[in-house]
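Have a look below at one chain only, the form predicted on its own, in C-alpha cells format.
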C-alpha cells in the first residue's frame, strides 16, 4: 500500500509534469516504481534524445531518498556507464536528502545536470576528464550515443 505522500506527488507530476517529462507507473497498482521519459533540454548536446528513467521509491519515502536509474545509455560524467545507469546527484544522497524534497524537484535537477554536466562530481572519471580536456570529442561521442540509443 503506497503512502499518501507518494500518491499525492504522483497525481501532481502526472497533472502538471516537470518540463520535458512524461511519468507513468511501471505496473498499475505499484506506486513505488515510476517510469519517466525525459526529453533532453533543446539547448544541450543531448537535444533530441528521449531518456527512460526508472525511479524506485523506498517504503520509507519521503524519509529515505528515491533511487534513480537511467535505462537509456547515456554518455555523461554524472551517470554510470553500466546497466544500472545510476546518476550522481547530491540531493539523492541519504545524508543530504530532506523529506520536503519532491520527485518533481529531483526531475528538474536531473534535466539541469543533463544540460550542464558536473565533471567535478563525476561517477565516470574518464568521461569527466574528456569533458574537461577535450570537449569536442566528448560532444561528438555524446551526440553519437543520443543517435544510437536515445531516439
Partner chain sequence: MAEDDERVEELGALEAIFPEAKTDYNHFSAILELAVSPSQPLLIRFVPQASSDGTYAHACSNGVAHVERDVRLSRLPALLLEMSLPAGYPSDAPPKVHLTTNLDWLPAEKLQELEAEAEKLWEDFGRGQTLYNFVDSVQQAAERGFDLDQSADGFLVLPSTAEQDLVAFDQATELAIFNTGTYDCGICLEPKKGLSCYKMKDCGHVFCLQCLQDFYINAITEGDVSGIRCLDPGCGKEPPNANGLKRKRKTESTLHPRELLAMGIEEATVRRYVEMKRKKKLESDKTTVWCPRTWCQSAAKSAKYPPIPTDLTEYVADDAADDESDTDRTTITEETGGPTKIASLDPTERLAICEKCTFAFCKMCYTGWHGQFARCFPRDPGELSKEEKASYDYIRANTSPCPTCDSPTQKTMGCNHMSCFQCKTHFCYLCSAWLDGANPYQHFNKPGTPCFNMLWEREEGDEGQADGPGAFAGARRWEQMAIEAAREADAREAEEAAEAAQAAENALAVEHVVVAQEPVAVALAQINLDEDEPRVRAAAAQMIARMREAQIRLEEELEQEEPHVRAAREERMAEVRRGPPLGQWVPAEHAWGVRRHEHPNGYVHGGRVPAEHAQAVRRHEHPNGHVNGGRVRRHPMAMAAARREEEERQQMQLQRFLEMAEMDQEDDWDSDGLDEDDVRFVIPPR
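Please read all numbers here as calculations on a predicted model, not as lab measurements. Positions refer to the first chain, counted from 1.
We do not show the form predicted in complex with the partner chain, though everything after this point is about it.
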So in the predicted complex, are 26, 44 and 145 all sitting within 4.5 Å of the partner chain, heavy atoms only? no
Though the partner chain is not shown, can you say which of 64, 108, 50, 56 has a heavy atom within 4.5 Å of it in the predicted complex? 64
Going by heavy atoms within 4.5 Å, which of 108-116, 66-74, 87-95, 31-39 lines up against the partner chain in the predicted complex? 87-95
In the predicted complex, does residue 132 come within 4.5 Å of the partner chain, counting heavy atoms only? yes
Contact with the partner chain in the predicted complex for residue 123, defined as at least one heavy atom pair within 4.5 Å: yes or no? yes
With the cut-off set at 4.5 Å between non-hydrogen atoms, does residue 151 touch the partner chain in the predicted complex? no
